[in-house]
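Next comes just one chain, in structure tokens: the form predicted on its own.
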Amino acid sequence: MKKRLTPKTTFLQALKEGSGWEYLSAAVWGAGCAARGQIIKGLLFLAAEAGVIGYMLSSGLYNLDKLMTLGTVGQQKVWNDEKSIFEYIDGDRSLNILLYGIITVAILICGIMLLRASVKASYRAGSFKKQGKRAPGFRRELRAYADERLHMTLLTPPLLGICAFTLLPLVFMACMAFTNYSVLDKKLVLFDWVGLKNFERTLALNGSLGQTFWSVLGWTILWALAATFSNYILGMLLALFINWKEIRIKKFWRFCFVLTVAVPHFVTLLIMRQMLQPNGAVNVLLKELGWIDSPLPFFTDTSWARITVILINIWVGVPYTLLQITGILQSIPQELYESAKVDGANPFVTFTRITLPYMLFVTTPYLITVFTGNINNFNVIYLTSAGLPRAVGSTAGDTDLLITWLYKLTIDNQYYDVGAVIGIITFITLSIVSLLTFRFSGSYRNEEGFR
């Protein structure tokens, strides 16, 4: 039985089962397609190969060579006799070299993918010829991309956008973690590869940077747990209370609590910040009432500041949980409660055996998302406490999260190498924790069982 190329056919299988045209198509893209009647398709492959080769010869090989060292010629100071002044001549700029090198690597990867596509297309055209059929023409294949291959047509632009505007910038920033790109030793123009040295500095317990990292990491985890479960528990209790049968005008109470959602978060957070200052509305009011003699240290004492940001996060986060839980409560079959009532179950048993398991099953992915969001909750910390209080000479405050510390390292102090390290560690840790938590949760393992 003659084989045809299917989506499961690999590049190696196409070379093994194909003819000499497949090997030629690996060297001259589109040769096999053109030889088997697909002239336009073959010319498009050939044009793509010419573009890749032309780019590599013009600047690609140079970029790859420079990428190995990130440049060796620094800025030079030269005396100009005519102007009687010193002039600065630009040398190698490592940042540009790194950027162009990554783009060149991306173009090479695209070239390899096109090479594989050329071989597979040649093998497919050859399969039609072996069966005594004519290979599909260019117009027919274009119509296919508007019909049975429409999913490929619709997904290609978003995929290219993700690669160009998300993946490549992430790779570029991640590469900085392996360089000494920072204001240290004035290496913002010319810097070098340093391997894992930055990771060692960041994770070392005996260094100031390592001690700061572990301190910030510990508070970040504590903050994420407190912020996530305080919002979830209080939002759940509030939703249960409002949905209680004895409560009247339920829509009005929901409106009152959800009203905070209508106000932009940054506005609420900035107002909170001003109200809790030593001369803010809260301290002034408490003084006038005679309850305090000196301003409360909302943002000047470590314990006060941490509790304050958690309470502020509860204020802005509970309404979202309220909406989430309200929708879940309304979707629980009432027959379950009626059956439990017939069996004589009290409200506590009904809650622990029906309501709570149902909510936990449905909201586990939501909890993972909220936990991840709180790890990276930049707004609540930066717009309220701004990481304060902070010891003199330290780059991180006692309420700084990893994300706010990363911002300060890169924007305020220009330690881009350490910032990239922290970004990579945060990404890897969150990915592993989120995937494992979801993988072993009931929402994943027993998706069809909870009915």
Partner chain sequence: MIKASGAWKKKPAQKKIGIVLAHAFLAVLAFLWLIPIFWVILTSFRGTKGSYSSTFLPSFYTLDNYVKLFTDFSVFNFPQMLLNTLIVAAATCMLSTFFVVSVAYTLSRLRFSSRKKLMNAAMIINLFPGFMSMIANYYIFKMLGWTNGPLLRLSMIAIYSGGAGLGYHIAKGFFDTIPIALDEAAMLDGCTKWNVLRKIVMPLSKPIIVFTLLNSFAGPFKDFMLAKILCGPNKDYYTVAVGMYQMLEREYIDQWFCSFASAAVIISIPVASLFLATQKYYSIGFSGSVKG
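Remember, it's a predicted structure, so these values are computed and weren't measured experimentally. Numbering follows the first chain given and starts at 1.
Only in words, not in the display: the form predicted together with the partner chain, which the text now covers.
Checking 212-220, 349-357, 74-82, 167-175 against the partner chain in the predicted complex, the stretch whose residues place heavy atoms within 4.5 Å of it is 167-175. For the three residues R273, E288 and G423, a heavy atom within 4.5 Å of the partner chain turns up in the predicted complex in every case. Although the partner is absent from this view, E148 contacts the partner chain in the predicted complex, with a non-hydrogen atom inside 4.5 angstroms. Within 4.5 Å of some heavy atom of the partner chain in the predicted complex lies at least one heavy atom of W253. Taking the partner from the other structure, the partner chain in the predicted complex has a heavy atom within 4.5 Å of a heavy atom of R248.
For the chain shown alone, P158 is a contact residue for the partner chain in the predicted complex, at least one non-hydrogen atom being within 4.5 angstroms. A heavy atom within 4.5 Å of the partner chain in the predicted complex is found for one listed residue only; from Q324, N374, T202, S127, this is Q324. Checked against the partner chain in the predicted complex, the candidates L70, A34, I403, A26 yield a single residue with a heavy atom inside 4.5 Å, and that residue is I403.
In the predicted complex, the residues of 308-328 lying within 4.5 Å of the partner chain by at least one heavy atom are, in order, I314, W315, V318, P319, Y320, L323, Q324, I328.
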